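In the form predicted alone, a lone chain appears below as structure tokens.
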Amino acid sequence: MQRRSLGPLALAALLAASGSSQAAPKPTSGPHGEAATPAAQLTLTPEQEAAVRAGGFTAALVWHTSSDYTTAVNAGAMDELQRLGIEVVAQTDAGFDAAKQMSDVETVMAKQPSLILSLPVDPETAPEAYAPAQAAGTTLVFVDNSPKGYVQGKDYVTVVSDDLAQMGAKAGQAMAQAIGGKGKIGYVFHDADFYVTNQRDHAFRQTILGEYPDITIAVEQGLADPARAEDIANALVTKHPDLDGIYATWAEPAELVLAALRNAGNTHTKIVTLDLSETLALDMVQGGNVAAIVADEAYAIGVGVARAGALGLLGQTVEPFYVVDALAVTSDTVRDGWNRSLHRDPPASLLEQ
């Protein structure tokens, strides 16, 4: 989960509430409780596109870290900015360091960009980081989160992210399909105040509880510290060898669950997780434990923030929170899934199978 930024949890009671209710998953909401709007609705008229091309606008892409996800978001943004005639004058990678991102903003402001697209490393300190851009009147559009205290429509245009509830629900559906609609599963959730994973995990759990009465969540295990993921995975597999499936909150813990199952000689338990991973996908196409990986359309997020930025440059008002679709990638849909999510073919190791 290299992409994500920590911040205030809009739905702080999600996990607690999920323990007592079998209601359907709540719709995805933004970091501050904003209602979600499909990113496909972010469009420009021909007249607006012509105005953007005539504006001589420039952009800087101030990213939080490097990853497959960031590369895909960046590619989507670059392609759409080029299509709209907005010149990209700078790109930065903060290495998930809030101080570095603050420095990056100062550096790119020397080029006086009209627009900054960015994912804040730390929303708590981000107001100071983006202050130079705000003071210069630079248009700001964010991925996943926004600086604490910033007001949408005044301080920034919008936030574009995933349809988190859709991701969790599709993971639940994939799990049910993988185990034939019945059996016992383990649920490894992110036990931290993190609105992205909290909503995804909650939606998975509620989908199982609400739609699949013959599936029992036999064990629930919180993961607060990713550094403990290996110990948690080993303990879970050792204590519960008869599980039909295990849901893991994102790819890196899922890789450790897979390693633990392999070490135990367990070929029965199926894994479903979120976010693409070559390691997990390779096991999946080889008929191993991994049944499905649910991913977002990361390239589309980049297209969305670029379009929102263009509208912002024209002074147009947009919705406060946009989301892209999710897809469940299986052994039969690896190539299509990689292309829809990351806008590129999967690694060669997956195509050679």
Partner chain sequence: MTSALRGIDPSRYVVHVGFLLIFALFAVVLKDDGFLTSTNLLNIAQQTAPVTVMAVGMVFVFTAGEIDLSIGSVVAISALIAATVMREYAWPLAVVAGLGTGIGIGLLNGALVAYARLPSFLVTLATMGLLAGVARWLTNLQSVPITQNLFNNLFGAGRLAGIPSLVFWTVAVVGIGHFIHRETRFGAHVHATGDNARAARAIGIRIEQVRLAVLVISATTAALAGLLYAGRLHGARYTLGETDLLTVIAAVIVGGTHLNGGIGTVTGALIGSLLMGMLNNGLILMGLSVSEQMMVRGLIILAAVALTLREPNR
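Numbering follows the first chain given and starts at 1. Note that this is a predicted model, so its numbers are computed, not measured.
Note that the form predicted together with its partner chain isn't included here; everything after this is about it.
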property	result
Interface residue in the model of the complex among A227, A135, A110, V151, criterion: non-hydrogen atom within 4.5 angstroms of its partner chain	A110
Sole residue of A98, A178, L84, L243 within 4.5 Å of its partner chain in the model of the complex, by heavy atom	A98
Any non-hydrogen atom of D275 within 4.5 angstroms of its partner chain in the model of the complex	no
4.5 angstroms heavy atom contact with its partner chain in the model of the complex for D104	yes
Close approach of E255 to its partner chain in the model of the complex, 4.5 Å, heavy atom	no
Distance check, A203 to its partner chain in the model of the complex, heavy atom within 4.5 Å	no
In the model of the complex, segment of 184 to 192, 138 to 146, 205 to 213, 266 to 274 with a heavy atom within 4.5 Å of its partner chain	184 to 192
In the model of the complex, residues of 119 to 142 near its partner chain [heavy atom within 4.5 Å]	V121, D122, E124, T125, E128
